[in-house]
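Taking the form predicted alone, here's one chain by itself in structure tokens.
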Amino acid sequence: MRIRVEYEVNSELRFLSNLDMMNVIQRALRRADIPYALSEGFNPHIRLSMGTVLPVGLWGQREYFDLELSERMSIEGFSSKMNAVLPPTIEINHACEIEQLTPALMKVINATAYVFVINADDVDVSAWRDQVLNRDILMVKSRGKKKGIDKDLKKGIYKIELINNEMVTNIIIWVSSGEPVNIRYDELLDMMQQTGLDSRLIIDVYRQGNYIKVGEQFYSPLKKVKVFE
């Protein structure tokens, strides 16, 4: 039995590395007595596949991992057992059974939504969004493996949504993950600074979730989606 799990990582764990997160999940699986499957060979390990790496410094609302079980169990039983042993800063939101041949998360996730929470009392965020979307080029210096290389973010920014909440505004930027360009959150921070939005106004940054983009639609990895038509 193979399952896909959506979980939330609280802001208190924003500086936890991907390896540390994997270790937390593995310890919880053991403590919860989940019938996980093991790989073969001299050094067997839990058949656990994490989704795209959550950048150190961010927390995440909808993170994902795939897990193979050695025997069947109910999805409700899995979630309740895991939440009983996980630290309160991590919580299983949803889970579902997936087919054995379902592509891995890293192969199907191609879009990400980052949320920048800003103190927008004296800022016209709508005007900022419009001028960003109307630009032909949004050039920054790459912060990935090829550091310092000029990188145009424009073709990888799909949409920008604004949610006003009293004295703060949530800027949700939906971007490509992988192709046509892999956009990092710190590159978005550079872009925001260059386009007139003072980074000192930002009071929180987190990843809302990873998605499968098909055409103009964004789907949760929990949904059965035909990525290649």
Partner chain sequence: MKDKLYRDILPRVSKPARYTGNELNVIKKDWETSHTKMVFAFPDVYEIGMSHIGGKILYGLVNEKTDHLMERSYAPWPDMESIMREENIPLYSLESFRPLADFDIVGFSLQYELSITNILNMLDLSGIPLKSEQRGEDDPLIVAGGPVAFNPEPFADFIDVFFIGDGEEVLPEFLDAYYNNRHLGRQECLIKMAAIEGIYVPQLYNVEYFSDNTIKSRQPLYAGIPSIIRKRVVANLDEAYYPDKPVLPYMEIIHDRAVLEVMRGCQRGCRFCHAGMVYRPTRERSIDTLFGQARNQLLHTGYEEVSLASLSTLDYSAVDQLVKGLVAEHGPRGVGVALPSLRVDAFSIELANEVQKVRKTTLTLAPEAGSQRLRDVINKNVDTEQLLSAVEAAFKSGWMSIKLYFMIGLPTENREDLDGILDLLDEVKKVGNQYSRRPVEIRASMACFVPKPHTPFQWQPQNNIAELQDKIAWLRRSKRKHIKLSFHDSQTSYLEGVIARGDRRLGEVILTAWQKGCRFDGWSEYFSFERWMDSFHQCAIEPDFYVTRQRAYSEIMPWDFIDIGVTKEFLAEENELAMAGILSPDCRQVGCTGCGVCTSLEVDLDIRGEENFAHQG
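What you are looking at is a predicted structure, and each value in this text was computed from that prediction instead of being measured. Residue numbers count along the first chain shown, from 1.
From this point on, the text means the form predicted in complex with its partner chain, which you will not see here.
In plain terms, the part of the chain that comes close to its partner chain in the predicted complex, with a heavy atom within 4.5 Å, is 31-39 out of 60-68, 31-39, 175-183, 157-165.
Remark: residue 47 does not count among the residues lining its partner chain in the predicted complex, judged by a heavy atom distance of 4.5 Å or less. At a distance threshold of 4.5 angstroms between non-hydrogen atoms, residue 199 is out of contact with its partner chain in the predicted complex. In the predicted complex, its partner chain sits beyond 4.5 Å of every heavy atom of residue 102.
When its partner chain is considered in the predicted complex, residue 207 lies well away from it, no heavy atom lying within 4.5 Å.
Residues in 178-192 all lack a heavy atom within 4.5 Å of its partner chain in the predicted complex.
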